[in-house]
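The chain below stands alone and is given as structure tokens, in the form predicted alone.
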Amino acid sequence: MAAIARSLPRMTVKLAGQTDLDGWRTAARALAMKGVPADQVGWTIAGNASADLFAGTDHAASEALPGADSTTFTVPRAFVELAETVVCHRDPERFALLYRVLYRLREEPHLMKIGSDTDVRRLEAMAKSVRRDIHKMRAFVRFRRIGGGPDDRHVAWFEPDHFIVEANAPFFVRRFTGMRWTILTPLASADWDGTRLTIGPGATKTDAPSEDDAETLWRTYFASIFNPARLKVKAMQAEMPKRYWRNLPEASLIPDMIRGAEEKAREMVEKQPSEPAPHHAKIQARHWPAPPAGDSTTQDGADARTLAELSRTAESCRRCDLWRDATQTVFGEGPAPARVVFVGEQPGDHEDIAGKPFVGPAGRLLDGVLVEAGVDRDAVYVTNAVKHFKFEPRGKRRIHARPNAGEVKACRWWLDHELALIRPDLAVALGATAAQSLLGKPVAITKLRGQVIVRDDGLRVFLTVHPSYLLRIPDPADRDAEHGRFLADMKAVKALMG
């Protein structure tokens, strides 16, 4: 029995509420400076009936702990930011875990940089879960109007996984400043009267209105914008899990939409054949000169001595059939010689019209990350493994289609000649197609990302993802994390540049 007593906490700290970060921080700092080990401290919430009956002396978080000295120590900003999010998690052990990591930071100041550490990984997983819950609340809260005239109010019901209402309420204040609203959840409620935000106790679903007149109009709108040709059920359910459907008025339409999507997509294709916009043909006429009479071939560029000569020759390229539907050849751009060449997959819709590489959304993202990484964009050469835009027509839109191995091989002629004129020390393969073109074989980017492969001719090839990959990530938290990884890759490129 004595052994059991020694293993129990000697003191219990009572926090004012489920997300009492200030109270935890005050008590945790004092405890850590006193040198109280994590296994000697219990954490409980005021009014929590499940508090440890065998715990030692209770202390309110705001109390000065006996014997605590005034010495201070600093903690990494990464831990502070993580703690601000983790306190919203529903795990009752969150405060104890945070204190254990804080206590360890006294002797392990670089602990937060050790991604394999069990405690750090658990904190990061908890923070990710909270951020995802915050995102889902912002996406799936649906207000219903009650009352009328100057006394009308909008009420919503939501079922969060974590204690996120207080942290998330300011977002709704900014979003709906001019509207009086209340958000009810089982854990807490938030009320905005137009001037003041109030956080209150939890509620039940019966406290929220069941439906309003606007929902019929909203369902009609939702059905009208549904595009069956773009439906991906698994992706949709990953972003909108079924457990949220019961509180979304439009969710009642989804099962029927899924069942009829294939047939409706087929009807769309049959009723609306695609043709390029008129201005595509005008640009195409300027860039596709007819081949000489009696000669089905064109120059191959082998004698080109400059990039400008090579680019002019590529305008009449017929090495594969992609030129037939593309607006124009999109050649590389940048200085020659250049120490670094960035190679993408192929031009997109924006590049096909502009005639320049990396000018669309993915190009703008790449430009921004290069600035963050300290890479001079004007000092590098950018190009693509394939010089023509390959696409699938969808109504009036042209949807990117991945080049096949034959098209990549045919266009490698131009990339090889570019590299010969540029004479780079390093080539950055942005995605699998670029890597295949540079290395002459398929490469698993996910496994080899961040690695450098040296070709037989001595050219170093750095492997990473294409920036368009970041644009396709639906979850903001995952997208931010991937942005950080891509930035780290570009910093590695900067280091390789010397």
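When you see a residue number, it is the position in the sequence shown, counting from 1. As the structure is a computational prediction, the values presented were derived from the model and not from experiment.
One more form of this protein should be noted, the form predicted in complex with a small molecule, which is absent from this view; the next part is about it.
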Work out which of the listed stretches, 195-203, 80-88, 310-318, 348-356, brings a heavy atom within 4.5 angstroms of the small molecule in the model of the complex.
348-356
Contact with the small molecule in the model of the complex for H466, defined as at least one heavy atom pair within 4.5 Å: yes or no?
yes
Indicate whether N384 is a 4.5 Å heavy atom neighbour of the small molecule in the model of the complex.
yes
Classify A362 as contacting or not contacting the small molecule in the model of the complex by the rule of any non-hydrogen atom within 4.5 angstroms, answering yes or no.
yes
Heavy atom of G344 within 4.5 Å of the small molecule in the model of the complex
yes
